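In structure tokens, the next block holds one chain alone, the form predicted on its own.
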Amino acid sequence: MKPAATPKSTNTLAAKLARLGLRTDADFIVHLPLRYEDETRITRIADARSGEAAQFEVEVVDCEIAFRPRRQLIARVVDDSGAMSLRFLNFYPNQQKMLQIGARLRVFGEVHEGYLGEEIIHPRFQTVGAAQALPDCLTPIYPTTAGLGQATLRRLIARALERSEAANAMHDTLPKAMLKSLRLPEFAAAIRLLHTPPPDVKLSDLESRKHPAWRRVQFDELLAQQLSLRRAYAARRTRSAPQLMASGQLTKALLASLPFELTHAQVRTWREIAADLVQPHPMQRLLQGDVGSGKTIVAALAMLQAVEAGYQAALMAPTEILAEQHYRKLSGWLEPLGMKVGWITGSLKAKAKREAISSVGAGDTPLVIGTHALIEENVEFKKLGLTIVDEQHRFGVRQRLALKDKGQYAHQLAMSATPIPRTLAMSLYADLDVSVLDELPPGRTPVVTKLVADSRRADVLTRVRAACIAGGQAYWVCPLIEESETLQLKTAEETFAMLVEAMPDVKVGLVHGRLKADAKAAVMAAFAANEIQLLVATTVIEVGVDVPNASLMVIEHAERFGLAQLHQLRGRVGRGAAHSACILLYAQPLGQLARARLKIIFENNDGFEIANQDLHLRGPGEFIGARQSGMPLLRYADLEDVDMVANARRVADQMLNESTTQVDMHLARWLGGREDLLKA
């Protein structure tokens, strides 16, 4: 479809539209309103209700600039039923000119009780003639960006609709029989209604998005997602990949050397992965497991299968602490079997990094662990057969694709300790096979969670000191300050100084993201060796830290953290035989959302249940994180509508079997050129 015509006046308009993803007519017609305003009727001033928006037709009887308590423009207006004030805290000379005495205005805004009676602050207004007709449809309010007004957007969308109608580009991609069975209106009718709803449509149905026109849009959007992902799944199965046939000798040796037995869930997921790796098409599987469920050993078994088949395997983790944790574990398990495990991170000294990269390129290092450094251009593999991405949601899409591209036909395993609720998995991972570790290894003690108000800090200090002196270890996690890494660092250093002073008989350490890698590694090694009893940390310890002797955690300002982070942090304790506790220190007063989050984490230890409740609290868009997932977020559909998701899956499979042309048209309308991002 051709790009939408935009005014030739400046390039800045095009840039602003691009920020909203508006480039073609197809983009404009599915850029739908956030809400609506009713300008189809006039309300008398006497009938105005405080706190409700309405439209009034009035005459200006007075207008002046006042200077108390600050400079502002106040206009007094009347109709035949009463009077009110219009107040502007920021205003322009042309606005003052339009508000001259005797001017006839249409004014829209929310009425409030002010010092001088009823008033509207910063109303929208226009001058009108005596018999000027009212609009015949509700006024749409669109999502926009700085410097792009509603009037401009409405004009551009109206033009795009006209061109699309004229070019027959609003045709339906679904047959009438299917629409009838799904009880959905035709696409063109639904789109027209949503952009220009007649005044007899219930505003509550539009704003709650329960109207059949909204249901059609929601279904279409889900269908586009399913079509794209299912097609990607089918396409992958037509591509060739190395069949990683293995003798199993190294696997037997590893299992015999482990000081523990695999859980039933670990055996099941390992077999699922092993079966994929011998297929002639690339595996793309997600391994989900709650904190401490033992994903690393399953990854090790998969990597061994690749090596036994004569290929290399690479594991990429989002932080150096997590990468190093994997490196230490895998080296400890595999090097006694004669397996060389490589290590590539950005903090390696230049010479060591060159040697590691050279060894991987020559094929002398069959297994390599690292951070983002693995996807640098100069890192090449001789024969990469398997890539593993841990905590995959913490990488950008391009990064995940970059590792995959290091081995053109490599199998890919993604791992995540952030459980995905079933409805999200059914929708977001339609192109993946999913394995779930739903069982914790024996010996993991449940962590007791305590909510403690900040006013009882002294009691918490006493408990932490007693635990450390008795031979235990503890974490003290500093508050999350999203707007400033510098402030977060300052808070960590101040907390460290406070704890050193409060506990002179306890060895206290500090770790944060700004520490150099070797300094960070030294602190973590000292904590692991029990040379440090109390570790003050920022969220760098969220994943990948495994110290069984640490049985107590304090999280400062727990109300600032998300549920997934709180659950991940809590998972750092409870890894040994000792009874473990996580103390959530919170500051009063608590907001409604923070109170709900703390209640959920207090009442639940199951990561999947926490994820489900988190989804209810935040909605799917925020839950998956649009920027990191790369998923063109579902703007209108509700992933909690299980029936609609299931119908979209069913219709997608039917369309892929029957009508390639309709599939292409549907995807062009809803995804444009963004389809590749879905496949990472």
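Numbering starts at 1 and runs along the sequence shown. If you're wondering where the values come from, they're calculated on a predicted model, not measured in any experiment.
Keep in mind that the form predicted together with a small molecule is missing from the display, and what follows is about it.
Using a 4.5 Å cutoff between non-hydrogen atoms, P242 does not count as a contact of the small molecule in the model of the complex. Among residues of the shown chain, F602 is not one whose heavy atoms approach the small molecule to within 4.5 Å in the model of the complex. In the model of the complex, G294 approaches the small molecule with a heavy atom inside 4.5 Å. A residue is said to contact a partner when one of its heavy atoms sits within 4.5 Å of a partner heavy atom; F108 fails this definition for the small molecule in the model of the complex, lying far away. The chain is drawn here without the small molecule; in the model of the complex, the stretch among 523-531, 354-362, 259-267, 338-346 whose residues come within 4.5 Å of it by any heavy atom is 259-267. Of the candidates R444, H512, R163, H195, R444 is the one whose heavy atoms come within 4.5 Å of the small molecule in the model of the complex; the others do not. In terms of contact with the small molecule in the model of the complex, the residue from W214, W333, Y586, Y233 that brings a heavy atom within 4.5 Å is W333.
Shown here without its partner, the chain carries E39, R154 and K202, none of which come within 4.5 Å of the small molecule in the model of the complex through any heavy atom.
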